[in-house]
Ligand code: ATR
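Below you will find one chain, with nothing else, as structure tokens; this is the form predicted alone, and questions on how it binds or moves follow later.
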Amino acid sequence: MKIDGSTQIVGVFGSPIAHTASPAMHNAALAAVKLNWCYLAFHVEPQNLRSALTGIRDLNCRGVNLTVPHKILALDIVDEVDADARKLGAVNTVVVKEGKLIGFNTDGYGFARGIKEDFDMTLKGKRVLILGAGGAGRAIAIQCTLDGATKVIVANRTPAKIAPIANEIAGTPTKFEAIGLDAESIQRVVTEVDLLVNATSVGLQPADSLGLPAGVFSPGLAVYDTIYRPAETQLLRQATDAGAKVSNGLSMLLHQGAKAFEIWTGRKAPLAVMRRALRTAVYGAQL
């Protein structure tokens, strides 16, 4: 990578951010298409998000991705919000265009592509349990509805955070249920669903646990954890032990990242290059 006076900066804002594999993926892609760009990770606390986003505009950066905990906060900061991002209720990609911050959401797209790739599953007719009502959880819940899921159940510790999702789904053919993010509530409904998605940050640290008892999962269930580092969370270990189909969030990261790359650059994302770079970054080998 050659850094000079014409290098264009893109990156990702998050807190925490040290775990991210996005720089490996995007820098490999940028090199593959021979763009003099550089993708960096920035630790940004929520109270500093507004000034950080204003900063990328003032510094003439091309744009950024947003991860936990910024996706919903950004809705009220950017100058314009793409129709899909408005519908999904969160922003995970920002582009600077003609001096304006424009927000997009590629999470829903990335999630749908990810479960198709990993489970050969579409969301149409499925019953889905989503743990977490933050930016990713909200986008996934609405994407499930848009793609024809029969039922969406959202679990969260704070009921008020589920209300915007319930309002968005109301009036659609998809049935909706809100529950608490606790072992008893999850255990009560997990036998009713085809797909369980962890969209919380529980699992980023080795000691993290949702407190679910052994035997809560069954072989007929698909379990998707949006966390990709560590590659196997405690949730995925439990599901694997029960014979359930499992996958981590690497495929979602890949496809949402490819979409963001195309928004920023106007070029087709080199998907195979990005996939190899991600797998090397997370697994330590080119699989």
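In this text the structure is predicted, and so the values were computed from the model without any measurement. Just count from 1 along the sequence shown to find any residue number.
Only in words, not in the display: the form predicted in complex with the ligand, which the text now covers.
Only one segment in the set 187-195, 135-143, 169-177, 93-101 has any non-hydrogen atom within 4.5 angstroms of the ligand in the model of the complex, and it is 135-143. Contact check for residue 200: a non-hydrogen atom falls within 4.5 Å of the ligand in the model of the complex. Using a 4.5 Å cutoff between non-hydrogen atoms, residue 181 counts as a contact of the ligand in the model of the complex.
The closest heavy atom approach of residue 157 to the ligand in the model of the complex falls within 4.5 Å. Residue contact with the ligand in the model of the complex: residue 127 places no heavy atom within 4.5 Å of it. Residue-level contacts in the model of the complex: of 161, 87, 151, 113, one residue has a heavy atom within 4.5 Å of the ligand, and it is 161.
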